[in-house]
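A lone chain, given as structure tokens: the form predicted alone.
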């Protein structure tokens, strides 16, 4: 009799265990977060690159322009088709740091980026030569620092990428640019360090590239990259962002 009771108990216990194992609550996979990673490019004409400013949707080719933001986006989306990534370009031609400050809430903070990339600085000097701007190197550094401090406070876990402003000695770039432009590059590096941002040393990168092909091959006017120049920036960007 005892053996019969033990056998019945074993069968009942086994059946109960199998029933639990088949329960949907036990077998369903964890639900992945539906929140996409938002990547935002900010800057001047090098980032703007002819984008359609009336197109605001993520990952739109026309909204990304024809430069490095489009190259980065197309490459990353092709490599990571299941991750729900969203890429935006809010660069505006002619912008200086004060211009970014004026539109920062709408064009940056309201988008709540997870990754923010900024390339700014060439107009902060160039407009001194041709447009009567009077901002100093100290102004550039202080304003840029304040902008990134504001951003860190609003989005503490932001992955921040600062691209070094760069020029090549051809076209519009002559002796008048130096040494002040180099001082502004150094200021950008200090700003990046203070903001705990990844820093992409584009001037060093393009100086090396100019040993392989002439400066105008990478930036015809010394400032705005050619297709090859944009490809160089995109490659450096993806390395820094790990995307």
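Numbering follows the first chain given and starts at 1. The shown structure was predicted, so the numbers you read here are calculated from the model rather than taken from an experiment.
This next part talks about the form predicted together with another copy of the chain, which is not shown.
A heavy atom within 4.5 Å of another copy of the chain in the predicted bound form is found for one listed residue only; from 162, 122, 173, 71, this is 71. When you look in the predicted bound form, the only residue of 61, 38, 186, 198 with a non-hydrogen atom within 4.5 Å of another copy of the chain is 61.
Not one of 94, 237 and 240 is positioned with any heavy atom within 4.5 Å of another copy of the chain in the predicted bound form.
Note on the interface: of 189 to 197, 176 to 184, 38 to 46, 206 to 214, the segment with non-hydrogen atoms within 4.5 angstroms of another copy of the chain in the predicted bound form is 206 to 214. Contact annotation for residue 232: at least one heavy atom lies within 4.5 Å of another copy of the chain in the predicted bound form. Residue 82 belongs to the set of residues with a heavy atom inside 4.5 Å of another copy of the chain in the predicted bound form. Although the partner is absent here, residue 75 sits close enough that one of its heavy atoms falls within 4.5 Å of another copy of the chain in the predicted bound form.
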